[in-house]
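Okay, so here's just one chain, in structure tokens, the form predicted alone.
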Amino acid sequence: MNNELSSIIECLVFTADSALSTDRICELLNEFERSEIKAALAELVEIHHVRGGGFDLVEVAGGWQFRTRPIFQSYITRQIKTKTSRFSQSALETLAIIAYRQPITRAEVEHLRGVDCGGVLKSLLEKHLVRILGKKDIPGRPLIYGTSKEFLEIFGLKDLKSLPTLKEIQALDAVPLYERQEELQLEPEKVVPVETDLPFE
């Protein structure tokens, strides 16, 4: 393992404003081979995982980022006093539709939800969770929307293929087999003979 290369990569990832892609790291470190950089990244991931410290090196949003481990969230929120963003049900529904159906127009989102989504879309754009991808080549040239890199970072997704499938989502609601098991039918109680009932020879 090239310790100097690993240290340089750690510095770059640590100081980056957002997830740093492998391509960008290779561009910044053109004196090293791409294979060396990929090997150093894989080793860094393993080192931080085995160490079991407060953070890991994670591939997210098409790049690399240091992320605190979820089990320590309650301690981190003690230090960070900023108000956490809460999503309304309508915002989550709209975001889910865009994430799974992108690229998609506002009219298509509203058709699926059955209600006006103008305010919700504006809010998602302001939070940088959704971005405008362009205009659809149909009469009226409506804007088309898709999720952003920030969406992947906030939800800890490597890419859009990491979104849970419908089958995985349905499995969360399924009642575990042991909870669904029907009650076993017990045999009627047998009368245990007492000593006086036993036949004598």
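Start at 1 and count along the sequence shown; that's the residue number. A quick note: this is a predicted structure, and the numbers were derived from the prediction, not measured.
Missing here is the form predicted together with a further copy of the same chain; even so, the following discussion is about that form.
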### Query
Closest heavy atom of A42 to a further copy of the same chain in the predicted bound form, within 4.5 Å or not?
no
### Message
With the partner left out here, check for me: in the predicted bound form, does some heavy atom of S35 sit within 4.5 Å of a further copy of the same chain?
### Response
no
### Summary
Checked 127-151 against a further copy of the same chain in the predicted bound form; residues with a heavy atom within 4.5 Å, sequence order, are I132, L133, K135, D137, R141, L143, Y145
